[in-house]
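Coming up are structure 1 and structure 2: the same protein chain in two forms, each one given alone as structure tokens.
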Structure 1
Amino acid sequence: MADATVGAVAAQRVGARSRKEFYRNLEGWLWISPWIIGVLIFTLGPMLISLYWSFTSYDIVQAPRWIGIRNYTDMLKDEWVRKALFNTFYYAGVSIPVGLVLGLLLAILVNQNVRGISFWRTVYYLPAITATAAYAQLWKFLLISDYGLVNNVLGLIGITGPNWGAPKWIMPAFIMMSIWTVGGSMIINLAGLQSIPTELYDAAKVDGAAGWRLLRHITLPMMSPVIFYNLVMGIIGALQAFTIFFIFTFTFDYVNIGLGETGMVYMIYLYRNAFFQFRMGYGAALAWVLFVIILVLTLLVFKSSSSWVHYSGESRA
């Protein structure tokens, strides 16, 4: 008899416990439900839809019409895609490496026991806290051929400044603008440098290492995860650059945004197709191709990272 009661109570307890556990699990899921809903509505759903649209002809008014891979084959023939890709890679290919080297160099200099770290940090970070639209407008103004500051300063040292809006010069202008905001990566590098244990340097100095060898054998390996991070972020950012290019080439001639300029980068062309000419299907195909390009480049960098990125605490054969 007694045994049976104990058993019943225990069973009841188990039931209570599993019910309690059920509510606890439910509660956990409920608290993250905003994110789940958001991801379904704003990420996964749209991804599937845009993949479907990339195989259709769709102008937002009439229903999408299936055309197979024609959008993708059209892209191969589209000379603007070729130009946009060239310009985008030109921009990314120069601005990323220059930004990486300069950002690291500046951070190393500030880290050399110079006084007023926060002063230098603030000064170099100033461009990065300029409102993006203001930054584009400011440079547009500085680069005006006749009364812009850049060409007048060049004139002082006897160089005739180019017409920065000309096809040959617009990309160098954008690269110059991107280098102006190098302070952002400097700050990240500086934080990385300050987390390198000073004992490493002390030990190396006792062993007689100095200067270049400290940089080569301690700073660079220890900083490689940060450099890697900046490189990946740089690739993603540069290939998707849009705002400054858009504002720079913004004219009354709304129809021809970026067209006829070598400043036409990939995202501008995508914008033009999808949101201006409402060629949604073609736009979706352009977007997927850009995504695949970014993905492949990022994977290549990840793949190469095992040979040059050093994580402390991880032994290397």
Structure 2
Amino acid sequence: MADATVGAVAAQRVGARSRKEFYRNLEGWLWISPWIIGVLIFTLGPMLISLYWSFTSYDIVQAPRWIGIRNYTDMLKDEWVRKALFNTFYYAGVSIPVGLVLGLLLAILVNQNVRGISFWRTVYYLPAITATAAYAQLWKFLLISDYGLVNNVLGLIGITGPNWGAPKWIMPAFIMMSIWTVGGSMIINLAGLQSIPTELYDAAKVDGAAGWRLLRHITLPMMSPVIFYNLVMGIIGALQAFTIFFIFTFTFDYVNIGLGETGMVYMIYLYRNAFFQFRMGYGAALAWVLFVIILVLTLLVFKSSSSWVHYSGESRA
């Protein structure tokens, strides 16, 4: 009889605990339900719709017509796709390493304990929070060949400034514009630098290390997770770069938008097809190919991280 009573009490406690956990879980799901609904409606939903459109011929006016993989096979024969991909990888291949190096160097510079350093941190970071459309328009005026500030400054030191809109100089101009936002990675690198234990530097200095050795054997290994993060974000951002290219090269003539072969990057070509020529199905296919490219490159970086990214406290065989 006593055993039965004890068992009943235990069952009641278990049931009460289960109900409490259920209501707690339900409350948690209710709190995050706005985010879940937003993701389903504004992210996953449009992605699935665009995936369907990529297999259709859709001009926005008429209903989508299923054509299978024709959009993807047409891309293989589209010479502009190859040119746009080349320009995009050229831009990313130069701007990403330059941004990583400058971001780290600036972080080391503003990590010094000197008077007024907070002011300089703010100065370097402010451009990173400027609206992209605003600074792209600013650079468009700065790089005007005849009276732009950049060429005028070059003229003061005896250098004839180039025509930044010419095929030879348009991509260097975009790369130079991309440096404008390096303050964002600088702040992230600065946080990483300040998290490195000072005891490591003190011990290395006792052993006679200084300068380049401290940077190579302590700073860079300890900063590798931050560099890894900036690299991944840089790849995603550079391959999807659109605003600076669009504003700098915009024309109401959709054939020439992108300033021809050298200024036509992938996102501009995608935009031109989808919203100027109203080939929405083809544009969706272009978007999904870019998604796969970014996914593959990101996975490769993650795969390689085990050989060069060092996390504090982990042991290596």
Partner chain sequence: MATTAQYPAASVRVTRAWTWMRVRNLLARALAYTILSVGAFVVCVPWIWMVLTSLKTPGDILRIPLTVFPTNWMWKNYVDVFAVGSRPMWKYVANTLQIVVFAEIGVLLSNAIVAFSFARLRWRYRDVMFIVVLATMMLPAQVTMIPIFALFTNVLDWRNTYLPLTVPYFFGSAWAIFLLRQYMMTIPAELDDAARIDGCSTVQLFARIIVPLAAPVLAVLAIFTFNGVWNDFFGPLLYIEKVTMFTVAQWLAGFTIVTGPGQMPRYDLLMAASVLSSLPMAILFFIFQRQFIQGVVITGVKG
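All residue numbers here refer to structure 1's sequence, counted from 1. In this text, the rigid core denotes the largest set of C-alpha atoms whose superposition between the two forms falls within 1.5 Å. Fair warning: this is a prediction, and the values are worked out from it, not measured in the lab.
Only structure 1 is derived from the form predicted together with the partner chain. The rigid-core alignment places the CA of S195 less than 2 Å apart between the two structures. Superposition of the core reveals a Cα shift of 2 Å or more for F22 between the two structures. With a cut-off of 2 Å and the rigid core superposed, F291 has a Cα displacement that falls short of the cut-off between the two structures.
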